[in-house]
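Starting off, we have a lone chain in the form predicted on its own, written out as structure tokens.
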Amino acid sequence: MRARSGVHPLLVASKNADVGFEEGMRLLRAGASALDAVVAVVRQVEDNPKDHTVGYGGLPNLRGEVELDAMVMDGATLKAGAVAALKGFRNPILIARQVMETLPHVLLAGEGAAQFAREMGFEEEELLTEEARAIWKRRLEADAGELPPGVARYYRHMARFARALAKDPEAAAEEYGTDVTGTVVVIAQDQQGRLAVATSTSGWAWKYPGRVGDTPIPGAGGYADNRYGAAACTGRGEMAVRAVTARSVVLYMKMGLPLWNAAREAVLDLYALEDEFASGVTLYAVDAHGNHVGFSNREGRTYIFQTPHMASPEERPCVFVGPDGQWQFGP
């Protein structure tokens, strides 16, 4: 396939993907596909025990179990593969790709996803690190005096914690010394102009067992279509699921809106949701021409990007969109 005129390889991602950009850009410079690049970047993040929002070292659910979600989508074919609520395997992005390439399905969950991983030869391991366990335990001990037996005992705690996150996620991150709701998302465009997106997360810390957010759902947490563009989301996944945020960005571009306008409309859609736990959602988007943006309904968000001519990724402010539709670029 010939390279598309005027298109240069590109990586756009959430800030925590920076640990994988060197490998991802190496692949793009060598002519690899966008799909190979996004998977390579996300795998590096999943292997990073210092990142408690993804893969090995991710923060666990209420039971102390690390459950992982991931998705990959190829903008050339609109094929996607995903896994959700997966336990015991550190690289769900690799398993998600196997789902896409070997099964007639898009999404596998829970024990079915784990069985498939075993059949594909992936090795099982304990994902809960001592550091992540200590963070998890500290939160539960704070409410120990009022918690009856059973998982459902945490409902009031979980609701209170969710409201606190919605009000001030930075305060929660400061209290526990780490982001407790993060996700990694990566969009790539290769030398042929092909687009791909990959996402991965351990989900909300202390989530109810089996909770699945937007990350493994094509159209919600990520979407790619070579003809128009690609988008991916971080933040409160329930909101992105209900608004189908990633697909909305691409659909607005299909309808003729420029990238900035399409992203703005997708953020405005979030404000229409009635949600007592409403919180920040940040979207990252690229159009078919290689233009890129980050948009959010939360102030102070940033994203990173890199082209082959850059020695390292650059961090850029996201555009903040208020409920009245007014936008602000940067702090």
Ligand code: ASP
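Residue positions are given as counts along the sequence shown, with the first one as 1. If you're wondering where the values come from, they're calculated on a predicted model, not measured in any experiment.
Note that the form predicted together with ligand ASP isn't included here; everything after this is about it.
Just one listed stretch, out of 202-210, 189-197, 84-92, 129-137, contacts ligand ASP in the predicted complex at the 4.5 Å heavy atom level, and that stretch is 202-210. The shortest heavy atom separation between G237 and ligand ASP in the predicted complex is within 4.5 Å. The closest heavy atom approach of T183 to ligand ASP in the predicted complex falls within 4.5 Å. By the criterion of a heavy atom within 4.5 Å, T245 is excluded from the residues contacting ligand ASP in the predicted complex.
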